[in-house]
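Next up: just one chain, as structure tokens, the form predicted alone.
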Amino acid sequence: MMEYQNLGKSGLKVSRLSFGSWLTFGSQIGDNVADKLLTYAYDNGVNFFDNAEVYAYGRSEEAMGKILKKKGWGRDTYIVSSKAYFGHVPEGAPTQTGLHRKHLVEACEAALQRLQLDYLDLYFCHRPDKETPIEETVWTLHNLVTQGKILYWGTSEWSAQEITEAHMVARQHHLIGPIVEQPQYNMLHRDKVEVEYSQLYKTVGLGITIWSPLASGVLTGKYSKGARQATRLTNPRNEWLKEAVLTEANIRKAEILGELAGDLGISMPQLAIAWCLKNDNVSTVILGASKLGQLKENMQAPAAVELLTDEVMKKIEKILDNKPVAPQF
């Protein structure tokens, strides 16, 4: 049975597990496989589907839009997001990227067309834009909400200071501020979620929709087995991911965690996802999959949360040896 949780302090309830199309829809998998994955997720309680303009340079949104149109599910039964910043074309013009008013408005319209929707439930600022005044960005997102083109907006990979500044601008001008942040969070990448954002959960009611719970596959254990070919980390475009997570130390940690998962009677991916769900500040964990079997396995993770007792969590912490420490003032 899928559980649902309010997205931050908003009244919007999201499934604890959600489904994202990054690196798969419109590129790695065909539309027929995408259909099966999206349908399985929806039929098993997932109500949030995550997308972005830059995913397969728009083809991901087009693929998802075709499926949603064909399925004819009630629009009031699911949540769809898009993100803007990087643009939908490789090496686009200066006006085709960023968080300035022109791009945010045009990117929103383009996403709606590709997804074949009348509005977006969530619209993320995919990265902070150092070259656009935060006031311009906040005003633009507020206007998109009042125009009915988006219902809520949020950020992705922003710093706590940048999120706080956005809220200050919104409060000063009586505007609608962000309700959600989408950071990377997993056993190997913890600081932002556990330390940097720690006060924002209380002060602004920040919700978080986390990506890469399996650390781009490192926490599946497949790299431990030496099967390093034909994975997302071998794609030249993802070199930044490879450098960050594919280290001998992380591979060794995954091997030991895999043994612990075996002792618990669950798979390594299920352990990694359940560990993320154990954090109450996590509104939803975004799953990605290229095969139906992967998705079926990973969606069993919520049942494994109860296995993560205090004793088991201590064992995990010892293996990881990376608990973030809050700065002392």
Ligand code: NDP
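Residues carry their position along the shown sequence, with the first being 1. Please read these numbers as outputs of a predicted model, since none were measured by experiment.
Although it is not shown, the form predicted together with the ligand is what the next lines describe.
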property	result
Candidate from Leu115, Leu214, Leu120, Ala84 lying within 4.5 Å of the ligand in the predicted complex - any heavy atom	Leu214
In the predicted complex, the residue from Asn250, Thr220, Gln96, Thr140 that sits within 4.5 Å of the ligand by heavy atoms	Thr220
Region of this chain that lies against the ligand in the predicted complex, out of 284-292, 257-265, 38-46, 66-74 [heavy atom, 4.5 Å]	284-292
Contact test, all of Asp50, Ser156 and Asn298, partner the ligand in the predicted complex, heavy atom 4.5 Å	yes
Close approach of His126 to the ligand in the predicted complex, 4.5 Å, heavy atom	yes
Trp275 within 4.5 Å of the ligand in the predicted complex, heavy atoms	no
4.5 Å heavy atom contact, Ser21 to the ligand in the predicted complex	yes
Proximity of Asn279 to the ligand in the predicted complex, heavy atoms at 4.5 Å	no
Residues of 170-190 having any heavy atom within 4.5 Å of the ligand in the predicted complex, listed in sequence order	Gln182
